[in-house]
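This document opens with one chain alone, in C-alpha cells, the form predicted on its own.
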C-alpha cells in the first residue's frame, strides 16, 4: 500500500512538472521566437482554422475575428496571465505571512484585530470582492494585480499565525530573548524559517484559485484590456463566435486547464510528502 501511494505520488509530481514546464516554456518561447505580431491583424485572414496557410504564413492554431494569429496571442496571453498570478501570489504570501507572524508572536489585541480582519476577508466571496474593487478602481493590469494580491492574504495569515503560536513557545525562542535579541530579529531568524515550508505548500494550492479568478475577471472584461491578450479575455472574445470558430475558446481553455491541474497536482504531492515526513 505504501509503495503504491509513493508510486502514485511520484507520477502525480512528474505530470505536474511536465504540465507546468511545458506551459512556462510555451509562454516564454512563443513571444520570443514566433515571428507573427500578436496585436497586428490581417482582415484577409479572419477566422482561419488551425493549420491554415495564408499566403506564405502558417497559422498553427488558426486566427481570430481580426485575422490575428492565435498562437502568438495565446503565447503572449499566457505570459501576461501567469505573470499577473505570480505577482499577486507574491503579494498575498508576503502580506499574509507578515501579518500572521505579528499576530501569533505578539498576541493580545494585535492578534484579535488581525484575526478579525481575516474573518471579514474570508466572509466575502473572492470573486464578488474582486469585481467590486476592479469596478471602482478601473480595469488595468496594475489594479488587477493589487486586487488579486490583497484578496488572498487571509489564508496565508492564518497558517502563519498558527505556526508562529507553536514556535514561540519553544525553548530556543526563550533562549534568544534571554540573549537580548529583539522581537524582529527573533521573528526573522527563528520564526520565519519554520513557516516557509507550509507557506510554499499553501502557495501551490492557492495558485489555481488565482488563475481561475484572473481568467474570470478577464472573461468579464474587467481585467487587462484589449488588444493585450490574456487567457480570460481570449475566451471572452471567442465566446460570441464559438459556433463558427471554436478554436478561439478551445486552446485558451486547455492552457487554463493545464496550469490549474499542474498546480493542483504539485500541491497535493507536496502535502503528501510533508505528511509522510511527519509520520
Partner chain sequence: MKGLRFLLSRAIQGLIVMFGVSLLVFFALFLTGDPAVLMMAPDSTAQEIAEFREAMGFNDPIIVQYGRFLAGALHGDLGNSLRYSRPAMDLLTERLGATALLALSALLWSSLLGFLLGAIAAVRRNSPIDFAIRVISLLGQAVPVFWLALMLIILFSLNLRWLPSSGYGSFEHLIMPSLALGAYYLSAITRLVRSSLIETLGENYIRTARAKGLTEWRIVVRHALRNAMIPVVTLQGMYLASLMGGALVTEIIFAWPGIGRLAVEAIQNRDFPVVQAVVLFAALVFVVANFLVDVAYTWLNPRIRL
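Residue numbers count along the first chain shown, from 1. Predicted, not measured: the structure shown is a model, and the values here were computed from it.
The same protein also has a form predicted together with its partner chain, omitted here; what follows describes it.
Please identify, from 26-34, 43-51, 213-221, 64-72, the stretch that has a heavy atom within 4.5 Å of its partner chain in the predicted complex.
Selected range: 213-221.
Tell me, yes or no, whether residue 168 is in contact with its partner chain in the predicted complex, where a contact means a heavy atom of each within 4.5 Å.
Judged by the heavy-atom cut-off of 4.5 Å, residue 168 is well away from its partner chain in the predicted complex.
I'd like to check something about residue 22: if you look in the predicted complex, is any of its heavy atoms closer than or equal to 4.5 Å to a heavy atom of its partner chain?
Judged by the heavy-atom cut-off of 4.5 Å, residue 22 is well away from its partner chain in the predicted complex.
Residue 158 near its partner chain in the predicted complex, any heavy atom under 4.5 Å?
It does: once its partner chain is placed as it appears in the predicted complex, residue 158 has a heavy atom within 4.5 Å of it.
Looking in the predicted complex, any heavy atom of residue 246 within 4.5 Å of its partner chain?
The answer is yes: residue 246 has a heavy atom within 4.5 Å of its partner chain.
With its partner chain left out of view, which of 110, 181, 86, 122 would have a heavy atom within 4.5 Å of it in the predicted complex?
Among 110, 181, 86, 122, a heavy atom within 4.5 Å of its partner chain in the predicted complex occurs only for 122.
Using heavy atoms and a 4.5 Å cut-off, decide whether 132, 235 and 239 all contact its partner chain in the predicted complex.
Affirmative, all three are within 4.5 Å.
Its partner chain in the predicted complex - contacting residues of 244-271, heavy atom within 4.5 Å:
Result: 246, 249, 250, 253, 254, 256, 257, 260, 261, 264, 265, 268.
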